[in-house]
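Next up is one chain by itself, shown in structure tokens, the form predicted alone.
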């Protein structure tokens, strides 16, 4: 029998991010109804009820929510947000932790966000230009200017699963390759954003806002996009991440994080002015500390994957209460507390990921100190099988990063099957590399 007063929550998504969110919701007393794109074995085990359908099938997700009398919806991935799932759920009387389609432009359109920051004079902006097929030839001169000044970054104007961004010196060797990639992008996207390349260290600040002046800033996290150890190989959706017990990172000062918070709150205010309605949901900012201060790289309109696995286990406050406060526009009045712990997340992925992943059966260890979050796997009669994306996230929690790393590593290394993971994430060696790099960058700016 359902507990009296237990809040029914629709959770959309089927990855490790959503597994972590489901855990946090249930720990807070929610009853979770999961609309998944794949049958995630971790979510399946803890959800009250579930349905499987396409990520962009808004009608099916709304139907499932209504059939189960969902009161609140938490939207995990970007695809349903881009398809307008929040708009339709609200019409059906379901309040959402996530922005409406118009506001989801914050992620779905990089040009919208760049132009917004520029128009409202918000700190953290960088040199950029937007090109379409109509003025693509003009990009050559801008590329030349940026490359002569330190390099450039090419971003498709749309969703690319975190894998469409390419940089000179890493993915593109010269101006001709940059221009060729821009032309390729314009075959699939309406426009391309070309930006100056920055030098520094990246970090993620995930923020919830209720659209009524309330902001909840989660502890900062650093993700690792490159597939292989020592930051080599192609970009991925993220191979792992870490956070520190002081809610900073080894290369950040408190004022750096405060600056990022200020930028996010200014962007939220600008969106309200620009679109005539407040933004409500997650504003996940990608930032970089540079010699010229904190710079904004981009925003996502949902929680990060893997960063969500770092922050959800740290919550002392019920995540359900946080969601309620968000949709009821009283987030500013809610006192939210986090565990003073460090976390390290390591993703186990299929061999060949991301370019040529192999699929097959894997065996995931039971027990141990690590938290386990299933990602893009399929549960079949003979066990768990990998798909062509990330498989399982392991999170260690401890007083110090190096202790958390050991917990995550011990679990990740025991997965059986044709898989690999980055053993260096959260290690002292890699942390020292980040610290040394930041030190060199700041010295060069003097």
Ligand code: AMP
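These figures come from a predicted structure and were not determined experimentally. Numbering follows the first chain given and starts at 1.
A second form of this protein, the form predicted together with adenosine monophosphate, is not displayed here; the remarks below concern that form.
A heavy atom within 4.5 Å of adenosine monophosphate in the model of the complex is found for one listed residue only; from 130, 117, 288, 315, this is 288. Contact with adenosine monophosphate in the model of the complex, judged by any heavy atom within 4.5 Å, is made by just one of 229, 202, 265, 274: 202. Picking from 326-334, 207-215, 94-102, 193-201 the stretch near adenosine monophosphate in the model of the complex, with a 4.5 Å limit on heavy atoms, gives 193-201.
When contacts are defined as a non-hydrogen atom within 4.5 Å, all of 126, 153 and 298 contact adenosine monophosphate in the model of the complex. The closest non-hydrogen atom of residue 159 lies beyond 4.5 Å of adenosine monophosphate in the model of the complex. The closest heavy atom approach of residue 83 to adenosine monophosphate in the model of the complex falls outside 4.5 Å. The closest heavy atom approach of residue 259 to adenosine monophosphate in the model of the complex falls outside 4.5 Å. The closest heavy atom approach of residue 341 to adenosine monophosphate in the model of the complex falls outside 4.5 Å. For the stretch 415-441, the set of residues having any non-hydrogen atom within 4.5 angstroms of adenosine monophosphate in the model of the complex is empty.
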